[in-house]
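So here's one chain in two forms, each on its own in structure tokens, numbered structure 1 and structure 2.
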Structure 1
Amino acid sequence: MPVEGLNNVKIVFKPYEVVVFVEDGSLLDAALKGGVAIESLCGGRGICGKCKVKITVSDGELPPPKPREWKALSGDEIEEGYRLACMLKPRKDMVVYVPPSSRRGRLRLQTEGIKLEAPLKPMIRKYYVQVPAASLEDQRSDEERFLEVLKNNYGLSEVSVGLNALRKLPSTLREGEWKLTAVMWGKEVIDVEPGDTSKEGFGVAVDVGTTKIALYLLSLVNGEELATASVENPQRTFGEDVMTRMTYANRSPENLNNLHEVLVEALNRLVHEACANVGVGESRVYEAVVVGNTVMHHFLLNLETKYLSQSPYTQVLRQSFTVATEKVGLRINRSGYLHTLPTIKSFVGADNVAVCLVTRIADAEKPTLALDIGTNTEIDCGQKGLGLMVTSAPSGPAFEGWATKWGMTAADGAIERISIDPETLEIMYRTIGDRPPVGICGSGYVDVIAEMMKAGILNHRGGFNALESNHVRRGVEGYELVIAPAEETGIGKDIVITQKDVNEIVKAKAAIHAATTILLNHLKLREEDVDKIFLAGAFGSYIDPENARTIGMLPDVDLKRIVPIGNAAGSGAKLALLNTDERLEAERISVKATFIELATHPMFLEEYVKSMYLPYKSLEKYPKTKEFLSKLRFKTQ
């Protein structure tokens, strides 16, 4: 039950019936305190405008809207009592209604990835031994007699015994009647267990994404994947994107530690969930291999991000790193280890190294591309003998739900598929969870831009054509297309795509295409030379490849060459957990990869401008798409 203090302000959040008492802070802070999930892509800076709430009752006059509220809210909305939760600091008791469009929905989290076979060669090994009992005739130390048996039975020499294992060794030997199992990490005995537990060796592979975290529990004895658990990254509360989170972290060491602690606690909950699902004790989990972008990597290790977030964007650590889990706070075996794969550059992290590991792109027989599309899109291009080029394209937050009028993350109620009849302009859509629509996620925006091209609604320059239709109309911001009328939505308002939305998506796809072109040029390759395009991550798995090609996000290649590979970063982490040679390969990839800095590249601006057309300035570069569109209503002017 909430407890009221002398100076506390009482906030009631509807429709949740959550009561929170606060002394200071914003409404968004109050919601966080009460566990009310309000969308805030910008981390409470008043930029994204997604945290709209309605003040239905107030014991006193509200402070006037701030400039950022006037920018994000219409005059009618302010008149009706709408405010931005991040901007309003309550001074009087109030009742706050959180509309559906501002409620953070359950994210669609992807854990599936491609399955690869690799020889089992884990860092953790377990050996069952029977040690001769101590006697007056044999007064050797427990350690000596224990190591001698390991050497005689298994040929293990130059073995050291860790302090935690040493402390347990005397009682474990005697409780187990001189029979025990040694847990070894490399050549170090990190734990000893009474009896034969040699078949009970487990590890976890983890992909820490900006939006979601996926954890896999694997047997280190036979390589079997036993359980999977996933969750939204709880750091989203501090900002939807990495730059917002770093801004928060850079304000104080306490803030950085907050981001570290919520991440580690999320990992601990996932470990507990995965182990409980298959009846495995958490103390039998001995190692964690973790991948993530460079920012997540730094937050996990509690490394300063101040210089990572400002030019020249220097990371603290590039190489792979191993640390005792108890120093990080990860609750697996108390003597276990956490291993992070290496990064490449400031915004090309260990998750991208894992993608390269899984796709074997550095040793591909034919030219191969790999893309992991997001706010920063990592792109890899490689072929055996030609080398490996990597870059990070500033594709912006449009695909993540920011910068567009009705954009949202891939949560329940998001429109994820859109189709338009080229003749009647009838619009059909599908939402995640089959819920009434409340917004549009990234895959929906890719669909709608392509479908608008096919239907002749958009022209070659990305502008609206003048059409007579019930779906196309003039709005406050110019022409807009009504995707879902108010009576169909879960928010009681029309969900539309505006000219500004189109521009944002085109800018995002232009950055991706320009970066891809530059990588190919560095390897003296043409788009038609590309044998395979791997699409990694959830976004890559859910977008329609044909529509992505139609708008010019992907090269104009045969669709059979475009291969979604799911959570490839997680698959790479699993490989590294099960085979130590893959860790060496990851380090080789990190060193071998040539990073192309787009910000200073002489070709980037020119290619970016050409890519601002749909699908490209010269349609000759997109012959397949040109032929396809010529049969429809698409106009080149």
Structure 2
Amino acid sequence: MPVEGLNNVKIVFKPYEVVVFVEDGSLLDAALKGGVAIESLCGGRGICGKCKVKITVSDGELPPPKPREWKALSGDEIEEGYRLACMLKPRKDMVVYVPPSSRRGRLRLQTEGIKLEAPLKPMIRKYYVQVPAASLEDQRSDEERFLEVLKNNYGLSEVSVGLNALRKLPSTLREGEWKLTAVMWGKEVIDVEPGDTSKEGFGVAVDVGTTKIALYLLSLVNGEELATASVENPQRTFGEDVMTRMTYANRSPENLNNLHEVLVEALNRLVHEACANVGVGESRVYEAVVVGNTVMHHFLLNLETKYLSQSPYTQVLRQSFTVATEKVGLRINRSGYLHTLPTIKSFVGADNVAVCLVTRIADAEKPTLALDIGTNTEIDCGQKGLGLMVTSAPSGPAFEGWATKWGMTAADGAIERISIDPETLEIMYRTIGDRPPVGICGSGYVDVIAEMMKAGILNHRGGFNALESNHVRRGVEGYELVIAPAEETGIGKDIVITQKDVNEIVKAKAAIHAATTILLNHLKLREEDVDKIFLAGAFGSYIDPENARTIGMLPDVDLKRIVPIGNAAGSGAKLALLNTDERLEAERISVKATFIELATHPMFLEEYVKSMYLPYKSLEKYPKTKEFLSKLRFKTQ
């Protein structure tokens, strides 16, 4: 409880709903006091520009922006009420909105900006009934007396009782004094539980990524999310990427089965962990809805991947699929069901269908893009009436911490935010967990390339300008920028970004940009027509949208149009778990989506080459970036 004492200014931080009373200090200090994690790389010196917030309500005039704020914010932003939290000292009560790009930590992942609510319409329903006792006058079988009550009380007809439920029925009836709860999956009674358990029913939504598996435990009674659990995909032992794993799987059915089994075992552990966290019995989890790319999808179902990996790249199964969990070895309720969302093609999977489901992209009133950035970046582009185009861009592993000198995954000690003071070339950074740096993760690379552009260290072609600086130097592989000198790091070596690293990042973002251009082109849309860009996945949520736009990974649209949506694949799985209409919609999306093959696309190479610039060959396409590049101290060459 905040106490109103001597502190005389009340600040409400949105969307956290945190209230803080302060006497003095900056908004950044106030946020710190309230436990609201606002990004800051320069320690509140107004240099890094990361602490942007928007004052939505103010009890009186605000002090005018400081010079540093004029520098860090665009005219439009100032117009809209954006300020640097570290530069503003509140004197009046105010309401402050912290935009996603200024957030740190868990809340950054939250999927505001997108409506996830669907009316609850789960496949699993529970019905509490009181069954007439068996007697010499009522010698009907237990099954018949039970089914009759279901019919009389709930109008349920043509119901069948599964074998496991039948096996439990007689003792459940008698132990519960003829009162029990029927667990129904569609028209099938899959379990019976003594007494009234109708308020206790659970399901899991799972996103099986190549790298990580995330599981969400939800109540099927009120839709609430109760627990999450995640783990590295244990298949990584068999290969980091899907191709290596398929090569292994394709050697023998036993190999395929190994990949299948480690995956299912991982899911079982996650179910166990999530259930244990909130004290839910695993037998009360009745359904699992799983999404994943097509390879993970096939591995989960133990379907052959041999033909996925070689031309003509044929999937075994595209459609959504439902199977008894017993057949897959998934340990939830033993008569539970596993549902997989449909895939689209060998390289566009159920995870992408889930993204389309969450973003409602096929029904968007205006042109909409969704990007799920990874080794392969799935891109969806659509609008109601115009259709839905999807593709998979070979963006490579650079953003995932591979292929760059100091790249690493987004783990403790990874530099995830970088800012460069364009005047002094001072480098500011923050690491995950605020530990001494040990490497740079994807969002750090996006930041540093953009900041190097803004500081004039990189030119239009992505080459280093020959600058006089303590930070830019000539290394064995050519120019490099020292991000963290050895003495600051956790590994005793200089952490640098080399020319080769820049090239790798440029190649990655070029593939994404070329693919985006091609999709837009198919729909006869221009970049400036795009109303909304959804960034799905962890990477998409952690990158700085402005910097991603600056380097040309995203089209040059207004920042407000770029919406990070967290693990949208998982969110789509949740939707489908909670509402069966969403499963039908997923199937419609899978059928409706037109897959654009890039490898053989006549435009791809040309667009790719044009995108190998920072931000793009023709600066006309990037007016916002062009504007500030023109103001640079050092001109691009």
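Rigid core: the largest C-alpha set superposing within 1.5 Å between the two forms. Remember, it's a predicted structure, so these values are computed and weren't measured experimentally. Just so we're on the same page, residue numbers count up from 1 along structure 1's sequence.
S.K.: Of structures 1 and 2, which one represents the form predicted in complex with another copy of the chain?
M.R.: Only structure 2 fits here, because that chain is the form predicted in complex with another copy of the chain.
S.K.: Taking the rigid core as the superposition reference, indicate whether the CA of Tyr97 shifts 2 angstroms or more between the two structures.
M.R.: True for Tyr97: a C-alpha shift of 2 Å or more.
S.K.: 2 Å or more on the CA of Ser26 between the two structures, with the rigid core superposed, yes or no?
M.R.: The answer is yes; the displacement is at least 2 Å.
S.K.: After superposing the rigid core, is the C-alpha displacement of Arg549 2 Å or more between the two structures?
M.R.: False for Arg549: its C-alpha shift is below 2 Å.
S.K.: Quick one: how many Å does the C-alpha of Pro65 shift between the two structures once the rigid core is superposed?
M.R.: So the C-alpha of this residue moves 60.3 Å.
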